[in-house]
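What follows is one chain in structure tokens, specifically the form predicted on its own.
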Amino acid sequence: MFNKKKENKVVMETLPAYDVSGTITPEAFEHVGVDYDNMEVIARPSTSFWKDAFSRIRRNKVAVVCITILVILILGAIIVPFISPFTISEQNTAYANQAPFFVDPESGNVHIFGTDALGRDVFVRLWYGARISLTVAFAVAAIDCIVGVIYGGISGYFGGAVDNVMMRILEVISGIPYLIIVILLMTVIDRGLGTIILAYSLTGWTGMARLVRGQVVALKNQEFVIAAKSMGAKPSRIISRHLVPNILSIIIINITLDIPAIIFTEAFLSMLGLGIKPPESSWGIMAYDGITVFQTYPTQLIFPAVAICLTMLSFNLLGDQLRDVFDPKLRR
């Protein structure tokens, strides 16, 4: 095949590629030369992994919507309890169980979501409950991440007898139900925010440790790790500077998917009376109070239930989208 220019158009013509003996003849080829105009054209601009990931997140409508909802929840949980004219413990039984947008005749303030059985403002209690639930979720997720990454990284990197002993210890810890730990802690520690965080953190890190251990085992024999060892790098530096950054995307995805489970656990414990101590507010406490009057005043259960579902759904969908964004097989 060779290119023949005719009337400024490239025309492809077929020449015999073989002679009688079956060998390729020089006439089958034509020297085209060097295309100096296009030899340095950049077909695709260079970009880093994280820059490409954030760019894909911005183009993902589902991820943008979920992030927007979560940002609104976080900002509302921080700001609303401070600017609201009501407090979480302010009671006025004369105006108990009022419908949404009830106007207090004494102060003229509006109860946007109405009042509960004790006359407390449901709107401010809902946002304060968001503060408690998100605080527990982020604190437990941070502790699980730190402990799980350190434990799993050491176990996966050293392997052998160290790995066997650490994995057997992890299996024993993961076999203990967290509800038993919570009940035991309640006998020696007063119920509250710190007790929930401590109880869930004692067993919640095991899943992260297993995930990190598996990823480290798969990466520790790669060339960049061998090169770091040959240059005299210590195991702590190899784990923290070479192995963990390569599995950071997987860690972020796992944290995003763990937070909804933590939020649900906090609400479940609060409904059982093992969570936040009254008069503090929590979505679980509000849901429990709403169940008792659901047939008469359904909004007292609907509002905290919608908040729990919306938060869990946003984190789950965001985790699914991050899994697609950080997958190198889907990069273009």
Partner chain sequence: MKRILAVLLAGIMTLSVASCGSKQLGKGTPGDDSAVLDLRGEPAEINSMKTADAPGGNVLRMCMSGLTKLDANDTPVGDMAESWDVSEDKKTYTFHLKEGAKWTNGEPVTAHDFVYAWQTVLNKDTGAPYAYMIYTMIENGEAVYNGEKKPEELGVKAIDDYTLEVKLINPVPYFLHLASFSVFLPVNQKAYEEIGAENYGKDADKIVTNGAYNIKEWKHDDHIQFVKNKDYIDADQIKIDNVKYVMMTDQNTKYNAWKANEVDVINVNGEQREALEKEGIEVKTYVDNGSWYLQFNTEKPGLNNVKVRTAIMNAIDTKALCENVRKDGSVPATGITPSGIKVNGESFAESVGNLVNYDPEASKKLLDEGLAEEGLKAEDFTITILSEDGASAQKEAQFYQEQLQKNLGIKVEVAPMPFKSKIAKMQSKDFDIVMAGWAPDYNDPMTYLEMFMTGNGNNYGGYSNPEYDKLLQDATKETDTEKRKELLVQAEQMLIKDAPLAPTYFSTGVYVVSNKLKGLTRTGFQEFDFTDGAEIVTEK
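Note that the coordinates shown come from a computational prediction; the quantities given were computed from them, not determined experimentally. Superpose the two forms; the largest set of C-alphas matching within 1.5 Å is the rigid core. Numbering follows the first chain given and starts at 1.
In what follows, reference is made to the form predicted in complex with the partner chain, a form of this protein that is not presented.
Using a 4.5 angstroms heavy atom cutoff to the partner chain in the predicted complex, none of W50, G214 and A228 count as contacting. When you look in the predicted complex, the only residue of N38, T296, S55, T68 with a non-hydrogen atom within 4.5 Å of the partner chain is T296.
The partner is not drawn, yet in the predicted complex one stretch among 238-246, 93-101, 141-149, 78-86 has residues with heavy atoms inside 4.5 Å of the partner chain: 93-101. In the predicted complex, no heavy atom of V64 sits within 4.5 Å of the partner chain. Taking the partner from elsewhere, I291 is found to have a heavy atom lying within 4.5 Å of the partner chain in the predicted complex.
Using a 4.5 angstroms limit between non-hydrogen atoms, I183 touches the partner chain in the predicted complex. At least one heavy atom of L272 is located within 4.5 Å of the partner chain in the predicted complex. In the predicted complex, the partner chain lies within 4.5 angstroms of at least one heavy atom of each of the following residues of 186-202: T187, R191, in sequence order.
With the core superposed, I291 shows a C-alpha displacement of at least 2 Å between this form and the one not shown.
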